[in-house]
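Here's a solo chain for you in structure tokens, the form predicted on its own.
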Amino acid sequence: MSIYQATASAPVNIACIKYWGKRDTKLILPTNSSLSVTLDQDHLRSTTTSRADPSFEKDRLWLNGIEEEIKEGGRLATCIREMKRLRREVEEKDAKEPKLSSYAVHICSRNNFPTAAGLASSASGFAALVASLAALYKLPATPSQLSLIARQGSGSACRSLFGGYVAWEMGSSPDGSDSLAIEVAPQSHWPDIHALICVVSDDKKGTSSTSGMQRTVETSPLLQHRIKEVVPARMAAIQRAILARDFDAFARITMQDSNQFHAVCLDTDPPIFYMNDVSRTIIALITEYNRVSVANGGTLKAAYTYDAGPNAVIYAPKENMKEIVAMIVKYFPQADAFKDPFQLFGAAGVEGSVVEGFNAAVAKPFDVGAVKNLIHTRVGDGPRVLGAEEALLGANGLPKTVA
């Protein structure tokens, strides 16, 4: 008896040009294009195993050990249905292919970062779901074609189907057929961009992204200016910066876009506040760190960006990361030792400090716990198809128990 099963992992991505606002909520068509950096799966990933079997009675899905309901017409059901449709096309072309599209599927997914880390897991989750089903069904589809389906699960998931630097082109077709992800540059083009994620809060957001977006679309005049005038120029400029490996331009555009995204949230009626005092302090620190560099004849050395929440992501070339971590730890002492995957600090660990000429009065130090966790990672690759030994489903087609 053949076992039809595949396992894939997919990365987290963090946008530099933000997606905020849908022009079609069912198909998840955005009001503007966006651009992101894919982060290293060795640190942050979702892993998904999919199995098709004639004995399965219905489609089932487990996330981090808990079975989730696959609601009729919901995002999960939509992605599974669309992947089965692509499989059916394969079967119609070749009569020898097993009729997997007619079998129910069991899907088991796990994140290697806590959902409470304040990181959006839906992007990596839906990308891993689509990547594992594509491997199971042996689809000839390109990552851009698969991104059309992942997008219907979670908008930003479409960008997690590529590594490196990725654009989600908003498209113009009402059916969404041209709203897809494309690779701007692979990881290998500019591999020394690193990211420090400052986990400020793992609380549930007061305003969810979905409802916040809709409110902004309905009430913010600034959003309309952003969509028409600002984002198209920024998308072109940041792609030029990435291709030229021009960090100064990349950093300036990334910070400007983060600021404007939060300005648009503030321009919403009633206003939406995603950042807090800790978030704003990190902005002040990065601004002062960059000021010192420019005052000494240098360029920008770091860029902050914030999604719909208080957690900061700081992008910087690898050689600046040691200074950045030391600065953050000085103002935000950590309860636990800094996990140092790139061996920046050696056995002694991190000593909080700032660079020469830094105006320490730009912010007051916070108590331990204001930044709960620091995750140091870097630009990474796209989805990976994994071996059978990494499968999350047991021989019986149910999730393996985690020891």
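Being a predicted model, the structure only gives us computed values, none of them experimental. The first residue of the shown sequence is 1; numbering continues from there.
Below: the form predicted in complex with another copy of the chain, not depicted.
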Is there a heavy atom of residue 58 no more than 4.5 Å from a heavy atom of another copy of the chain in the predicted bound form?
-> no
Report yes if any heavy atom of residue 171 sits within 4.5 Å of a heavy atom of another copy of the chain in the predicted bound form; otherwise report no.
-> no
Residue 176 near another copy of the chain in the predicted bound form, any heavy atom under 4.5 Å?
-> no
Evaluate residue 221 for contact with another copy of the chain in the predicted bound form, applying a 4.5 angstroms cut-off between non-hydrogen atoms, and reply yes or no.
-> yes
Name the stretch: of 262-270, 136-144, 188-196, 90-98, exactly one has residues whose heavy atoms fall within 4.5 Å of another copy of the chain in the predicted bound form.
-> 262-270
In the predicted bound form, the residue from 245, 318, 330, 280 with a non-hydrogen atom within 4.5 Å of another copy of the chain is 280
Interface residue in the predicted bound form among 112, 299, 122, 276, criterion: non-hydrogen atom within 4.5 angstroms of another copy of the chain = 276
Within 287-319, the residues that have a heavy atom no more than 4.5 Å from another copy of the chain in the predicted bound form = 287, 304
